[in-house]
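So this one's two forms of a single chain, laid out as structure tokens and tagged structure 1 and structure 2.
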Structure 1
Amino acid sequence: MSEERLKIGVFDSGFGGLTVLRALLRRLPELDFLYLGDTARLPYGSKSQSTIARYALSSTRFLIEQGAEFLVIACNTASALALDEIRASTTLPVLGVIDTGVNEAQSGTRTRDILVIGTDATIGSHAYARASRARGLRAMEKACPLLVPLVEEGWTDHPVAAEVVRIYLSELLAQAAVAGLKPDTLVLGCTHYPLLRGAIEAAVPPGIRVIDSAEATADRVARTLEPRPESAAGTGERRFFATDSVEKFQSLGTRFLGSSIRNIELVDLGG
């Protein structure tokens, strides 16, 4: 890797990974970032594991061709089902959002019992449960399929979203109690969910710490790259790529990134 103007490639099947990029930009503003949203082929969660791996590999190859020297897989589905294939395909450092989220949970939990919410595909893969067991944690997982469309509809502060969040988490807490767990940590296993953090924190008991895997991933990247050369100062370049509708990416993506997105490049990665 070069010592100056390191290029970090961030990949997601859509828009949610922009919450990871948002956290990265706060910590590492001097670096260059390439973000690819594979919007033409989402949702990944409805595809087979082999198809997800094929899509993820073509997307990460594109970022490498654009000069990426460090890859962040800001997609829970791809992290769950394609991370091994991505790592086997390149010598570059590759970081996924699942391990970082569980590592953060491990570092803070006292009871060793955690809760995880995510999409059907991520929860169905049980990647969080496996990663938790490997660290001596017990995890109770729950799919919350209504949350992504609520976020993409812009209803993050709507009473309907708050009620849906409350119902999902009430069910999850009840399931944990039946299983004899005493959770003190909740991991947001979808990069859309940080936009619902207020509703989520309001729906869990005060003693439960909420972990945003986007923030945990950005922290891990920053720690991995320390110390950085003093010459790498100022603000780096940001390039955005989408495989479908630039207009939709710009309007919806701005909500996730928290700032306007300009100069999005449309790319064709094939079927």
Structure 2
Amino acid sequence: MSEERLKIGVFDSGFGGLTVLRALLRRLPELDFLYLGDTARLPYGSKSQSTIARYALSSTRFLIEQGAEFLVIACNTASALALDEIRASTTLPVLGVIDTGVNEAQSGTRTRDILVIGTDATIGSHAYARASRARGLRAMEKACPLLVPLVEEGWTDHPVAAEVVRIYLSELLAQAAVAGLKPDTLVLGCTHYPLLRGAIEAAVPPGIRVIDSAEATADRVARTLEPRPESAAGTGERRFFATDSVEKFQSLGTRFLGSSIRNIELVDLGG
């Protein structure tokens, strides 16, 4: 790693990882950030493991070529299905979002029963169930494949989105009850879902804590980088890369990041 400002590469299949970047920028404003949204190949969540791994590897290779010295895989699907391949491909530190999300759930749960929602690929991999079991938690998982397109469409406050969320979560709560679980935590296992947080919180009983891994991931990165050089001060450089429409990245991305995005470069990573 360089003596000066560390460059952190943040990768997602699209826009959702900007919720993680937002948390990172709050904690580590002095660092340089490179963000890649592989929007041309999104969604990853409906694809096979080998395709997800191929896309994730070419994306992280690109960030390394741009000078990234620390990689944050701000995509649940890539973290669930490609983290081992990414780690095997580089000597740089690589952090995914599954462990940080489950650690956050573990620190708050009293019943040790948790619910997890995510894409088809993430839920099919059972990465959350494994990570939960390893910490002595029981997890009931559910794929919610309609939620990413609803967010992509901008329907985050739309009654249709609220109804879809309500149906998915009532099914999940019923499955958990049949299995004898008493969940007190719901993990948003997809970086798009924080945009539907209002509808999600309205659809679960008040005793259930809803968590997303963005804050926990940013905390973990900050702790890993301690102590940071005293020279690190001010505001670092931010560069954004998208593999499809820069205009769409700018308008939708602003909603995920919570502030306007400039410096978006279009890149071609192939098919």
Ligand code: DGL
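Model, not experiment: these values are computed from the prediction. The term rigid core refers to the most C-alpha atoms you can superpose between the two forms while keeping them within 1.5 Å. Residue positions are counted from 1 along structure 1's sequence.
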| field | Of structures 1 and 2, the one that is the form predicted together with D-glutamic acid | value | 2
| Core-superposed comparison between structures 1 and 2, R209 Cα displacement 2 Å or beyond | no
| message | Rigid core superposed, CA of K47 - does it shift 2 Å or more between structures 1 and 2? | response | yes
